[in-house]
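The chain below stands alone, shown as structure tokens; this is the form predicted on its own.
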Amino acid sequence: MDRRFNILGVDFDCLDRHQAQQAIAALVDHGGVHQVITANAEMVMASRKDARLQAVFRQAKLVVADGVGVILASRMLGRPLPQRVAGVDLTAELLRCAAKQGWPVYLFGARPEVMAALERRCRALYPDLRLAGTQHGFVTERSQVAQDIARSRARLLLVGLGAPAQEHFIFDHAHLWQDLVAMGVGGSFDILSAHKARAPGWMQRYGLEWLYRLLREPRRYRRQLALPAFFLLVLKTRWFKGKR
């Protein structure tokens, strides 16, 4: 069976969280520069209007489903993806793995106070973690950060600039790096630094984290208007497949 499944133009890898973590570890060990994307329905819809983002998706080494909408769509289209791979969970797994394996890690993104708290928590939770560098996201010259990442010799780069800015940053500067796996992590730094709370466990289990975030941050409603359009397109795709 093909390890990838296309949903509205984006190829998703059929991996659960543990498999994704193992695949990323293998990429780090293998060497080379690789981009990993944790994508939700919003990003899929954005790519349909953004040719540059489509190019980013095409060259990514791994694309995993970070969103219940993508999982539901895969079931509707007859190829269920195994599990939602939440970016914050995968980030925590990778930090643990990096501490165990000795990979130097660079953290870029979020507000200055968030990054300061994140660094403290990383040192407390993962004493063996080698931080090659940290940089908050409120900088005017991101190209200078990319050069600092190259000098740091990090093997794992986690970027929390929000989608799709983080994906574009990785894509645009990958030519500067060697032997680096880079992944956008969205708002994971806010949660891992304890600056924001994650949805209660029962909401996570029922795929309602999007609702929790919307209730906490009502201004997100504009972004989430993409969800109805996403499911209408999935239904249309399913109908055409049935006709064939």
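Don't overthink the numbering: it's just position in the shown sequence, from 1. Owing to the predicted nature of the structure, the values given are computational and were not obtained by experimental measurement.
The protein also exists as the form predicted in complex with a small molecule; that form is not presented, and the subsequent description refers to it.
Asker: Give a yes or no for residue 88: in the predicted complex, does one of its heavy atoms lie within 4.5 Å of a heavy atom belonging to the small molecule?
Answerer: Answer no; every heavy atom of residue 88 is more than 4.5 Å from the small molecule in the predicted complex.
Asker: Does residue 223 reach the small molecule in the predicted complex, with heavy atoms at most 4.5 Å apart?
Answerer: Looking in the predicted complex, residue contacts with the small molecule include residue 223, since a heavy atom lies within 4.5 Å.
Asker: Flag residue 209 as yes or no: does it have a non-hydrogen atom within 4.5 angstroms of any non-hydrogen atom of the small molecule in the predicted complex?
Answerer: Outside the cut-off, so no.
Asker: Answer with yes or no whether residue 111 is in contact with the small molecule in the predicted complex, where contact means some heavy atom within 4.5 Å.
Answerer: Residue 111 belongs to the contact set for the small molecule.
Asker: Which among 124-132, 158-166, 75-83, 95-103 is in contact with the small molecule in the predicted complex, heavy atoms within 4.5 angstroms?
Answerer: After filtering at 4.5 Å, what remains is 158-166.
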